[in-house]
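Given as structure tokens, the chain that follows is alone and in the form predicted on its own.
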């Protein structure tokens, strides 16, 4: 059995991007409440996802991971959760049908409440306050009271995540995710766009195929079920540590706050607290790798996080930026492959392509997102390796946060519906357009 270091030991290793809580007794109280709370997910579900990601690592499936940059407590509504689920299901259907590849569906959902920041402080009009680090830590309002880190919010994260997972499970088991309902996932604003019309045409083909399959005796329940897993960045150590439990079946520790947890670019220090904690749990885990990652870094992370080279255990999520991926990714993939390591390679085309528009909004160009994904596929195709997946920040709503795409959103459009509290997300039309373009890349992979 792997043992879990206590929180004091982890913090002594050096824990980057952690809240500066003013009241340690309040932290201890929140952590103790979390330690006695029921699990949000079960170890057996984590093992099932690990088996699916092993298929991704072997080139037999494709992983689609997406959702909000940062969830908010106010966003835990049936409409909001359904809309995010819907766009991910639509994207998965496009990829599965158009590219003829099984798709592993993972949401950035039910736990993505904390965000790393480049600075501990934020200054507006001469006033300096602690930076907003997500609803898990403090409030978005720019006031001294809201910006004080509050450990009670970790309990709120648990409660909000439980409510979100209850909604997701109700949708995926209650008929909403039934493949025979593909037409009902479309709405007028999507139908009116070129990508919406393309989706409708594909939905008609799927409907005819399902009718044929039913006519020859296929089990209709096979169209009714869908596997959907949750994921988030394992950032706040108090939360992840408190949600780590010993599985009664295997006597091994699992982080039961989510099925899949990942280590960010800012917290992947080999000797740091996050890598140490994630090395002890048995969930499938991911690591974000950016332009500063050397091949030796990747090999050392794999040795620490997956010493038994277990398929499905480790996913490398690359985030280079459109202008750097073709130069930076090949040596990583070559060295990892030459070492015989079993990893799934997934592309995050969002975080390396953020810039500030003239209006002050953080945004991303849809063309840059597509270019990074194309570069990811180009590198893997040239090396004979499998481009295993896509990790995107998206929403099911008609927001205006990323410029470009089929709707040709301009920088002047950003203020119309910019709703993200952190980084810009693809809207539903852009997400579907991305899925069709990636399906075409998969056909050629």
Ligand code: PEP
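Numbering follows the first chain given and starts at 1. What you see is a predicted model; the values in this text were computed from it and never measured.
Absent from the display: the form predicted together with ligand PEP. The rest refers to it.
Novice: Between the options 295, 102, 272, 116, which residue brings a heavy atom to within 4.5 Å of ligand PEP in the model of the complex?
Specialist: Going through each option in turn, the one that passes is 116.
Novice: Could you work out which of 247, 207, 265, 200 is the residue within 4.5 angstroms of ligand PEP in the model of the complex, going by heavy atoms?
Specialist: Spelling it out, the residue with a heavy atom inside the cut-off is 265.
Novice: Choose one stretch from 330-338, 257-265, 144-152, 126-134: the one whose residues place a heavy atom within 4.5 angstroms of ligand PEP in the model of the complex.
Specialist: Within 4.5 Å of the partner lies stretch 257-265.
Novice: Taking the shortest heavy atom distance, is residue 351 within 4.5 Å of ligand PEP in the model of the complex?
Specialist: Judged by the heavy-atom cut-off of 4.5 Å, residue 351 is in contact with ligand PEP in the model of the complex.
Novice: Looking in the model of the complex, any heavy atom of residue 69 within 4.5 Å of ligand PEP?
Specialist: Yes, residue 69 is a contact residue.
Novice: Within a 4.5 Å heavy atom cut-off, is residue 393 in contact with ligand PEP in the model of the complex?
Specialist: Yes, residue 393 lies within 4.5 Å of ligand PEP in the model of the complex.
Novice: Check whether residue 84 has any heavy atom within 4.5 Å of a heavy atom of ligand PEP in the model of the complex, and answer yes or no.
Specialist: No, residue 84 stays farther than 4.5 Å from ligand PEP in the model of the complex.
Novice: Even though the chain is shown alone, can you say which residues of 274-299 have a heavy atom within 4.5 Å of ligand PEP in the model of the complex?
Specialist: Read in sequence order, the lone residue that approaches ligand PEP (within 4.5 Å, in the model of the complex) is 288.
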